[in-house]
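Have a look below at one chain only, the form predicted on its own, in structure tokens format.
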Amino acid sequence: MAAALCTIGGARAGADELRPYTVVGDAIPAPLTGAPGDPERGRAIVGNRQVGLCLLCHTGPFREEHFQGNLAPDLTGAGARASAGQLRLRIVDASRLNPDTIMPPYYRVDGLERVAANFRGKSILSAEQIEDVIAFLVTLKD
């Protein structure tokens, strides 16, 4: 499959410009930060209803979290079903795989509609946060 280089401008609050990445097939094989993330921080982001908002749509192995969503795939076993690169592309911009997805692009700022003024030009998660989430999701093997 063809590789695509994505250089995206814009910045998160308090962060540098979004880092370029390369899409190969259905994945972004290389970490956005050049280094793996921290799975404990990633679990905290996934479970945080003010940061990642993952559990608004997803359910998973989070017994302590009530009212998990059922609009999106269960995160249980995510690390067994997809590679780190595949998970990365789905979090960065799932619409590259499915233009009709309801999953927001967590690391894209261009071409978005109906974005509140104070969030325009800012990604939902930083590159470091995305790598932390990936590091956690790949641990979910069952």
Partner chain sequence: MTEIAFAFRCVLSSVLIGTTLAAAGEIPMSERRSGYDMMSADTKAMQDDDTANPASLWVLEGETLWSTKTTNNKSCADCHGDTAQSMKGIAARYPAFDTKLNKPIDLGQRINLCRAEHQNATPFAPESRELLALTAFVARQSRGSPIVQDDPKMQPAIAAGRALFEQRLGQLNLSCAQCHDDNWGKQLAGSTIPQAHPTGYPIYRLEWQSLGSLQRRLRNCLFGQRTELYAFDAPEMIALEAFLMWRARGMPMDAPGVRP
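Just so you know, these numbers come straight off a predicted model, no measurement behind them. Positions refer to the first chain, counted from 1.
Beyond the structure shown, there is the form predicted in complex with the partner chain, which is absent from this document and is the topic of what follows.
**Student:** Going by heavy atom distances of 4.5 angstroms or less, which of L55, L32, L75, L89 would be at the interface with the partner chain in the predicted bound form?
**Tutor:** Partner contact (heavy atom, 4.5 Å) among the options: L55.
**Student:** Under a 4.5 Å heavy atom criterion, is E64 part of the interface with the partner chain in the predicted bound form?
**Tutor:** Close contact is absent here: in the predicted bound form, E64 is far from the partner chain, nothing within 4.5 Å, heavy atoms only.
**Student:** Can R19 be called a contact residue for the partner chain in the predicted bound form at 4.5 Å between heavy atoms?
**Tutor:** R19 lies outside the contact set for the partner chain.
**Student:** Hey, in the predicted bound form, is S123 touching the partner chain, heavy atoms inside 4.5 Å?
**Tutor:** Contact with the partner chain, yes.
**Student:** I102 near the partner chain in the predicted bound form, any heavy atom under 4.5 Å?
**Tutor:** Because a heavy atom of I102 falls inside 4.5 Å of the partner chain in the predicted bound form, the answer is yes.
**Student:** Within 4.5 Å of the partner chain in the predicted bound form, which residues of 60 to 82 have a heavy atom? Give them in sequence order, or say none.
**Tutor:** Residues within 4.5 Å: F67, Q68, G69, N70, L71.
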